[in-house]
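In structure tokens, the next block holds one chain alone, the form predicted on its own.
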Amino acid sequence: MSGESTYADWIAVDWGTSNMRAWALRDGAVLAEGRSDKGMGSLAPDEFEAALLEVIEPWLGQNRIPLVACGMVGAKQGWAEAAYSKVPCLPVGPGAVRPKVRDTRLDVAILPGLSQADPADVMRGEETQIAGYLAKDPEFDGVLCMPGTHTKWVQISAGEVVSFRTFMTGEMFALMSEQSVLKHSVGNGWDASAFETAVADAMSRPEALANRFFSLRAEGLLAGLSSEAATARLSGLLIGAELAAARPYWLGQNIVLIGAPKLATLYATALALQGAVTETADATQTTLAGLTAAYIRLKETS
């Protein structure tokens, strides 16, 4: 971009463990967006500012510009630790931290995550999506499910996060398909029928899960189980076990899925098999809406 009139009013940043996304905003519209593979996990605390400037430098004028960031950038190992807000609470409330910066054009605020004492649980980044969804539907009362590496089930009431649970389903799928004996059985294809059967199997007998996993390998060796069926069954077993454990969250509730379209569709399919009706919301849009809500709040309280 060039010309003073095209500089951003403020910048929104979603900074996770493995990558960072940033958006330049002016008058409520996105002017530009950028990405970096320099996530929190690859940076020392004194390297965040330089990594940020690599992406946002073209959006900066001469004046100080507000920047609101969410995600693992606020972790203990991140740029600056933003202490968790304890539930029940607003998804994005007070507690933003402002790391020291060398570039005088930057006014950085890092949003806090949420924590739960019993059972112990934490989130960073998802709380901003929750705030974004509630900004569009402030009267929502029900459950938000955010499928991903660490899937979140979040109970919402009266505009607050009441409780939540995290399931390492996505990470378990990645580990088992890439580092366990099952790496020889799975592939890139998909068998929808096998997925549905595995969901039902896991929900009816979650205690047999470890045995069902090895059966995928054995059936491949003895009965020629296809990689498409093995992949779908592994996913279905893991998601089915998650749904069995998360039943108190979704049974009889209004359920909204916020996540990558492909994964959200799998959860919608699995829940539909149990008679649960779901809606979906775009993950990027809810993240931006949540960062916008936080930006407005920070302006009002500064």
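It should be emphasised that the depicted structure is a prediction, and the values quoted were computed from it without experimental measurement. Numbers for residues come from their place in the sequence shown, where the first is 1.
We do not show the form predicted together with a further copy of the same chain, though everything after this point is about it.
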Is it true that 208, 217 and 222 each have at least one non-hydrogen atom within 4.5 Å of a further copy of the same chain in the predicted bound form?
yes
Just to be sure I understand the contacts: of 171, 160, 103, 141, which is the one whose heavy atoms reach within 4.5 angstroms of a further copy of the same chain in the predicted bound form?
171
What is the one choice in 197, 227, 115, 155 with a heavy atom within 4.5 Å of a further copy of the same chain in the predicted bound form?
115
Using a 4.5 angstroms cut-off on non-hydrogen atoms, would residue 135 count as touching a further copy of the same chain in the predicted bound form?
no
Spell out, yes or no, whether the shortest heavy atom distance between residue 121 and a further copy of the same chain in the predicted bound form is within 4.5 Å.
yes
Taking the shortest heavy atom distance, is residue 272 within 4.5 Å of a further copy of the same chain in the predicted bound form?
no
Even though a further copy of the same chain is not shown here, does residue 97 get within 4.5 Å of it in the predicted bound form, heavy atoms only?
no
Partner-facing stretch of 209-217, 87-95, 188-196, 105-113, counted where any non-hydrogen atom is within 4.5 angstroms of a further copy of the same chain in the predicted bound form:
209-217
Judged by heavy atom distances of 4.5 Å or less, which residues of 161-184 approach a further copy of the same chain in the predicted bound form?
165, 166, 167, 168, 169, 171, 172, 175, 176, 179, 180, 181, 182
